[in-house]
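One chain follows as structure tokens, the form predicted on its own.
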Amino acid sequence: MTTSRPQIILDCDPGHDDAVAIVVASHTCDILGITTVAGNAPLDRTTYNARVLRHMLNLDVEVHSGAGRPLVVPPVFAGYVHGESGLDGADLPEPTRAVDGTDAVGFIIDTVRAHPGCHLVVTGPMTNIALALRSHPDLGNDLAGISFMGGGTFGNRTPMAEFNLWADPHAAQIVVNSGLPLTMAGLDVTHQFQATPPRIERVREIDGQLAAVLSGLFDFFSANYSSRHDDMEGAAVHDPLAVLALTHPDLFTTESRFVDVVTDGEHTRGMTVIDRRTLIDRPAATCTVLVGIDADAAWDVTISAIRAGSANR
């Protein structure tokens, strides 16, 4: 059951799982705008993909493109996971509405100021958010918090680093050390939420263009994951969990932990440091860490969002 309908800015790098996050957010949140960043694919492609999702969902929201590269490290994309387009696996419709702006950071700042109490949901590298917080350190006074997909006790880009944090570790460190209320959907929980064949079949049974496109995307994404892992029945659908953490917190078990991000090292760049010690003098918790999920119930919410999105066309 939806417990709240938060106002959010969705900062993303679509990406198959970002696409699902947009669909779920369209059904469960008031989206104040979508901002894009380079990550899963170059910026022109992630922005195009966001426009495609807006078109398919018939969303009346602005899309603003942002940072085309990380703060410090060279840009590296994830075509090996998402394909060169960022959304390989389906024939995408041509979006009819142009991008609304190319200054995502300015849009984030202005929109947060105009909607105090809103949330940032971040499902790609955190470059745009770090730039906004660095240029306006008091921006957090108007934010309810930041819910992000990234991190975990193990990695996927390296043994210790998840891709979003690895892609721009300096931005991630700025955000994680911002002192703002943080919720982290890391790999420990997102790997519990997989697009298995029976779950994909539920999407395929829904009528409409959106479901047809998403079922194709899921087929591609899950085949990629299954072929590259020893133990996964389908793709980990990471990004919608950053949305569901706000709208359906009852689906999760959580822990309050001190979290930091390592910015360098061959194996440790982008590594999430999560303090799980029981020492009384450990650092104060800085982040709500998602550790468990009712995956079947979360997929039910996803199916409801896809069905609703399909009915909007």
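Counting begins at 1, following the sequence as shown. Remember, predicted model here, so these are calculated numbers, not experimental data.
The protein also exists as the form predicted together with a small molecule; that form is not presented, and the subsequent description refers to it.
Between 204-212, 136-144, 157-165, 98-106, the stretch whose residues reach within 4.5 angstroms of the small molecule in the predicted complex through a non-hydrogen atom is 157-165. The single contact residue among T35, N40, N49, T272, judged by any heavy atom lying within 4.5 Å of the small molecule in the predicted complex, is N40.
Shown alone here, T123 lies within 4.5 Å of the small molecule in the predicted complex, counting heavy atoms only. Looking at M149, you'd find a heavy atom of it within 4.5 angstroms of the small molecule in the predicted complex.
Within 4.5 Å of any heavy atom of the small molecule in the predicted complex lies no heavy atom of I174.
The shortest heavy atom separation between A90 and the small molecule in the predicted complex exceeds 4.5 Å.
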